[in-house]
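Read on for two forms of one protein chain; each stands alone as structure tokens, with the labels structure 1 and structure 2.
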Structure 1
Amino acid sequence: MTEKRALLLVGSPRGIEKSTSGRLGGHLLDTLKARGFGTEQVHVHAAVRSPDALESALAAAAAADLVILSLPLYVDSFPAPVIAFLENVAERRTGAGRAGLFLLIQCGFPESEQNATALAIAERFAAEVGWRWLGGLALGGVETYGGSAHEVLEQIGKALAEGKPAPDLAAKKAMPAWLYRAGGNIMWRRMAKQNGVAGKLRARPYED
């Protein structure tokens, strides 16, 4: 029996080891490895900087039965290097008729629904290139899914390993959004003070 392959594409500029995207995606990859999958990881930002690395990443995508795209939300979409990589996939129709796509995305906004546009983009991309859409997990700053991140990823990994779409999980608020924003404001003020710009947080240098 041919071993199934799972590919983790990490779309954070911080890389695989230092990023939340890498750690969360890596745990999901571990759940698949425990269920008999061969696994591979690619840092997308590094891959698109080198023709050889890009070809290697595209070859990994072509061989994958399951592609996990793990990244932070940039505005309403993906970081530019991720878009560039996906454009290469679309141009060649890499893995068409073979790969399934799961999106793992997190944002700094309190609400997970801020990721809705990016999820729709990923689903549309899968349809255009001939990949099976297996759903996604959208993480906001104040929401959980009824368990620890590891427990949720174990549940998702079990479904993906069986070739099923990820379960549709309902998000629950772990703290009020106003409290999350208040904590964020305190952090920004502290950083501004450390960098000598405490009085310039409301500056609009390009207004004129």
Structure 2
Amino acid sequence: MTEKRALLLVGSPRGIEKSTSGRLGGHLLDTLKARGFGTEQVHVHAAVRSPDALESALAAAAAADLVILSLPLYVDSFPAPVIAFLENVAERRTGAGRAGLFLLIQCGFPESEQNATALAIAERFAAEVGWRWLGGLALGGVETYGGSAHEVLEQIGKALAEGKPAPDLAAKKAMPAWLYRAGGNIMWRRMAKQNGVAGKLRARPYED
């Protein structure tokens, strides 16, 4: 039997090793590897920087049975380099009729619902390029989840390995939104103080 192939596309500017997208996507990839999948990881920002890297990433997508797109929400959608990569996939119809797409997305707000538009864009992309839409997991304020995101990813990995769409699961949140906002605002002040810009946080450099 031919080995099934899973490709993790990490769409965070921070790369595969240092990003939440890489870490969570890597966990999902590990669950697939444990179930016999051949796996590969590509950093999308690096892939769109050079023609050779782009060709290599598109070839990986063309060979994949399952593509996991893991990224942070940027202004209600994907970071620009991810859109650029997907535009290339669409132009060439890479992997049409073969690949399945799963979206793993997380935003810096506590409400996972804020990822809904991006999820719809991913589903629309899949329909346009002829990839099978396998669903997504939307996380909000991911640093508050603790281990529950990993448990959910393992359940999703099991379904994807069996060729099924991902179950519609929400990771359990550890913190209410009001507390996330309050804690976040304290964190920003603390970080600014460390950087020596505490008094400049509300600067308006472009004011007339």
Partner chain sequence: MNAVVLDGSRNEQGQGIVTVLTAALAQAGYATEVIALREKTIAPCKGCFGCWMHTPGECVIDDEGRQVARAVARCDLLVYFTPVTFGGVSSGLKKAVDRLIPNISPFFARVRGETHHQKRYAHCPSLIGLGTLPQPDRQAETLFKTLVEHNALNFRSPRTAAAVVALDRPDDIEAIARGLVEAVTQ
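For the two forms, the rigid core is made up of the largest set of C-alpha atoms that agree within 1.5 Å on superposition. Note that the structure is predicted; figures quoted are calculated from it, not measured. Counting starts at 1 with the first residue of structure 1 and goes up one by one along its sequence.
Visitor: Pick one: is 1 or 2 the form predicted alone?
Guide: That would be structure 1, which is the form predicted alone.
Visitor: Superposing on the rigid core, does the Cα of residue 18 end up 2 Å or more away between structures 1 and 2?
Guide: It does not reach a 2 Å shift.
Visitor: What is the magnitude, in angstrom, of the C-alpha shift at residue 197 between structures 1 and 2 when the rigid core serves as the superposition reference?
Guide: That residue's C-alpha sits 4.1 Å away in the other form.
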